[in-house]
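Take a look at this single chain in structure tokens; it is the form predicted on its own.
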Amino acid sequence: MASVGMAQVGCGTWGQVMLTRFRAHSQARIEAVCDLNGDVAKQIAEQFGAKAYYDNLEELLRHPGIDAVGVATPDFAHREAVVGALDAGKHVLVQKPMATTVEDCKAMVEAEQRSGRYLMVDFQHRWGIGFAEARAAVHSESFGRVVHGHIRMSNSQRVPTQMLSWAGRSSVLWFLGTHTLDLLRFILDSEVTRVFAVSRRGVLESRGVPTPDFFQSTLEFDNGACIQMENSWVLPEGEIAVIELNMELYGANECVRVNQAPNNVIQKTTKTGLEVPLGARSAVMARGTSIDYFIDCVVSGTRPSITGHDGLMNTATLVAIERSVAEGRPVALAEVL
């Protein structure tokens, strides 16, 4: 394929990020945009040089020249756009999480399978500094079986109280937990079998945002690893960075540590001492972004490494975590799938 005709459904903040990458890619062209607010759609079409704009999904999908569709509608509103685009013969890149219910995810996976098109969930942190290197370390012969570890991705209170107008209708689990969970599945190449989680409220509610302050989740994987996952929206507003992201994984022989935000450091400890791999930043930047990768896959006819199944398992695990919090007990993935 010489170039990919792109369309964008949902023209909010992240929709514009996607459009920025579409415009920058040498083998992509922006054909059309769609937003429920027709005035917004018109403005964004003019800003990004789209050939047409729509406030109706069906009309957008009849626009000629569209090969692939980006979807950045609200988390709970992905199903209609994704299924509609796949059934219309378009490849789809949908923002994380793929959906907020297992039922919606299964409908998307079925559409992916019957269409033969690509459905990729934009788990962009797989392209983050240090995580591909951590995956390579974990799967090296010297590392040994992964035993335990932790991953933490949290925001300062500025995010739910100032940056996200809709924070009270979501949670840090769906906003950040979807990323940390995907990183663990990606790095370990293993599925979660059971979860046990706790959460508390109070800090954000006192500031007028009715959402949990944090989630602390224990994840058991089918390879035997047991990982602690923490996601918080109540870090102090004065933190040096709005986001913190770090991970430690311990194997039978070695361990790997990634402190991506705010320090961009990856370390590996072996039997003989500490290693600090060099060039991690340049290596990751050379890989581009997840959006670039999706376009490259469509151009080359190569199915993306991230599929609808990844989106389904991600959502199912988050649903299990919520059920564990509500019922105060461990929940097996088989109970929600």
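Note that this is a predicted model, so its numbers are computed, not measured. In case it trips you up, residue 1 is the first one in the sequence shown, and so on.
Although not depicted, the form predicted together with a small molecule is the subject of the following passage.
Though the partner is left out of this view, T13 does reach within 4.5 Å of the small molecule in the predicted complex, counting heavy atoms only. Residue contact check for D310: none of its heavy atoms lie within 4.5 Å of the small molecule in the predicted complex. The small molecule in the predicted complex comes within 4.5 Å of a heavy atom belonging to V9. Although the partner is absent here, F131 is not a contact residue: none of its heavy atoms lies within 4.5 angstroms of the small molecule in the predicted complex.
Comment: 173-181 is the region of 214-222, 200-208, 173-181, 132-140 lying near the small molecule in the predicted complex, near meaning a non-hydrogen atom within 4.5 Å. Residue in contact with the small molecule in the predicted complex (any heavy atom within 4.5 Å), chosen from T73, Q260, S154, Q157: T73.
Here is the short version: of E244, E112, D122, D104, the single residue with a heavy atom within 4.5 Å of the small molecule in the predicted complex is D122.
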